[in-house]
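Encoded as structure tokens, the following chain is the form predicted alone, with no partner shown.
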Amino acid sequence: MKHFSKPLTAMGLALALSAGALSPAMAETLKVAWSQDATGLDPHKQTAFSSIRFLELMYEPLVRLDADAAIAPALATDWAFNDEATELTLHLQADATFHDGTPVTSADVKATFERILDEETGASARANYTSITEIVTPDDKTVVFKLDGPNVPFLTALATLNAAIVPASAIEAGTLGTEVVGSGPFKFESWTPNSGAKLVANDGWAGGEVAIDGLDISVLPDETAILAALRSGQVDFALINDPFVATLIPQTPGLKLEKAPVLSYHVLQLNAERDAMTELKVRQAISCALDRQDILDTALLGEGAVTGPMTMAAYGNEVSDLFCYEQDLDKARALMSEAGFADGFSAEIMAATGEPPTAASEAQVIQSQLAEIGIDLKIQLLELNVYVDRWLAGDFDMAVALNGGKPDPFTMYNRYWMKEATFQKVAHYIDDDLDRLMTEGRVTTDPEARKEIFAELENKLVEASPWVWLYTGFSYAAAQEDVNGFVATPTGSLFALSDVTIDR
């Protein structure tokens, strides 16, 4: 990039333009667009994908997942369990600093996890770390987590924005959520909710050199407007959620599409503590009445795969072996009758506008399919922030949701399907078997035994039908042809923007 130390004369400006000297400088800030804005700035409390994708550009966890969903270094350079998997030792990058220039130390790591574990914080991933019995800091760059038993999934649980390391000073000052002082590749400059944000490259990032000067982010709720901005060159890079818009990207000269199957899953969440849905046979009837492939084809243009609870390839069962994964209306009607609801019942189903963009379509198809067994659904379309608040409070009959996935099933589901889970009031269901299997999955170290445990857990979840899992989709990112280096991942992360170059 060329910098000019003094103002150019008119002739100098003309010569610079003719030589192309200014064009690289003008292109160094990546113009980014997405349709859903963040709902908050506290990394430990966010659940919306839009918030996580924004904040992970500025905050860093100890480890992260790479493009193959394998554990990779972040603030920690290396790590090791003891032989019993009851202690995890990590070493921090020697030159890692926060955006204010202060070093990242083991004291910050300890303060971060003490904050996450404090119930008053309301940390969304707290359940992943309740096995911690002690955090030892033998020196500034070493941290040891002592656990209450064998816990192989604990390492994977660290690879999340919800476990981002924050300065102990910010915790003490109470500024998290109003200020952003991370250690990641970009620094916070400004944010106008539902409009846009500006981030600048962190020249002191210990993770390497950021090739661009920063990000100029626009929030454009209509993804067709994002496509138009890409086509006109007003946007360099865009996160795409709508599969229809995604299919148009490769058809547009000058644009390219990055696409990857994701671990996150679309699901119909039932409130098993409310009205008719307290009955097992009613919930099973709902599962049997749904044609998952039809929902996928209608809402996502078939861009995905029908799934059970275990969306990662290493665990779970064949979908065809799961309870009622082929639509069976006769069985569904019989179950409704046996439960005493032969004439059906009325309920509400809530969905968020815009995230995912398929939510309204999913709700409409589900409404139509459940009408076949006498269930009269009223659809409530809510703004994302309202939806998130209702979802966190568990205040719904049914909810169309897109929930995050993880490569390890314990890390993915312990916040729902354990008796002390953070989101038990969202899950609305627990029993001794689910809690036992989750606990066994945490402490078992043999890989084959863990596969059997989580395959059994999947079968029990599908048969109990507190939720009805639908399908997985893809992450999509569109870019101009001269924007290079971004790789789509199974987690839908935008962290790879730190590797992007603009080759103009």
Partner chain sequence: MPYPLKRLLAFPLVMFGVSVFVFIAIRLVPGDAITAMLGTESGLLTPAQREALTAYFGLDQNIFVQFWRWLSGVVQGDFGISTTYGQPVLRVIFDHFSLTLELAVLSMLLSLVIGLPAGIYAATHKDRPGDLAVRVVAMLGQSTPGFVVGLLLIFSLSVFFGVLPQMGSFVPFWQDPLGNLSQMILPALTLGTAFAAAVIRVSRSAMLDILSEDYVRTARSKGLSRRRVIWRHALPNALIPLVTLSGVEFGYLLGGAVLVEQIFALPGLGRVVLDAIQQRDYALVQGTILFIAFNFMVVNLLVDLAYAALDPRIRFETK
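Positions refer to the first chain, counted from 1. Bear in mind that the values here come from a model prediction, so they are computed numbers and not experimental data.
Only in words, not in the display: the form predicted together with the partner chain, which the text now covers.
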None of Val319, Ala107, Ala225, Ala342 but one has a heavy atom within 4.5 Å of the partner chain in the predicted bound form; the exception is Ala225
Which of these residues, Thr47, Thr444, Asn459, Thr29, gets a heavy atom within 4.5 Å of the partner chain in the predicted bound form? Thr47
Which of 188-196, 333-341, 257-265, 135-143 has heavy atoms within 4.5 Å of the partner chain in the predicted bound form? 188-196
What I'd like checked is whether Asn385, Trp391 and Arg415 together line the partner chain in the predicted bound form, meaning each has a non-hydrogen atom within 4.5 Å of it. yes
In the predicted bound form, is there a heavy atom of the partner chain that lies within 4.5 Å of any heavy atom of Arg231, even though the partner is absent here? yes
Is Phe423 a contact residue for the partner chain in the predicted bound form, using a 4.5 Å heavy atom cut-off? yes
Whether Ala123 contacts the partner chain in the predicted bound form should be assessed with a 4.5 Å heavy atom distance threshold; does it? yes
4.5 Å heavy atom contact, Met350 and the partner chain in the predicted bound form: no
